[in-house]
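Subsequent text provides structure tokens for two forms of one protein chain, presented individually as structure 1 and structure 2.
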Structure 1
């Protein structure tokens, strides 16, 4: 797991390489994004950033998240509902997702048996897998128990 300092240094370097400046607004967006520890959409992130810096506009959040994605610090995810969510991207980390179609909860999971099986299937078909994404859709345990909750 990388430290926030590593992420700030990496982002600052990427920004410089693009001929841009690392502004206070961009720093605040990165800080709030890293601290969110969840899949977050632009509206949610904008609301949270404005608590820290009320001068940050939605367009600035949008452009900064585009930069963070290009820099490899954020990953865009589009699950079944078509909305874009962002999650911090850890180098060399892989996980899959279970998405509740009732409340929207997203749970990350890792399973070595599934990973090995995917590689084995690819190999059996003469396919060299470079990456994959697995998303399981269904009803979470909270909804099944009648304790619905909505992300956000």
Structure 2
């Protein structure tokens, strides 16, 4: 379990190692990113950051997210509809996604058996697998029950 402070320490360390600088903007962006719900795109994130620090530009959010990705604190995810979202990356954790095509809800899951089979398939093809992605698309339980979902 990682506490928010860990992320700041980790980021500060990365910044130091690379000879970069810790700025107000970068701190704010990291803070807002951590506080956000797990899957967020740049535009939304920029909007949220502006609530805290209204002068921050889109390019800074963009560049900071690249930085957080390099630092191993964030992960860029491109989904099938072409949208790119960022999500916090916990060390050595892996999961896949289940996406509701009606309300857009994204649920995470992990399944050890599938992982094992994936490795096996790769091996059978003489392939050295480094990573993978799997997304299941369909209708979530909420939508099936007729409940609406408000964008959150």
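Worth saying up front: this structure is predicted, and the values here are computed from it rather than measured. So that the term is clear: the rigid core is the largest set of C-alpha atoms that superpose within 1.5 Å between two forms. Numbering follows the first chain given and starts at 1.
Legend entry - Between structure 1 and structure 2, the form predicted together with another copy of the chain: Answer to the question: structure 2 is the form predicted together with another copy of the chain, whereas structure 1 comes from elsewhere.
Legend entry - Core-aligned CA displacement of residue 111 at least 2 Å between structures 1 and 2: Yes: residue 111 shifts by at least 2 Å between structures 1 and 2.
Legend entry - Rigid-core-fitted C-alpha displacement of residue 132 between structures 1 and 2 (angstrom): On core superposition, this C-alpha lies 3.1 Å from its counterpart.
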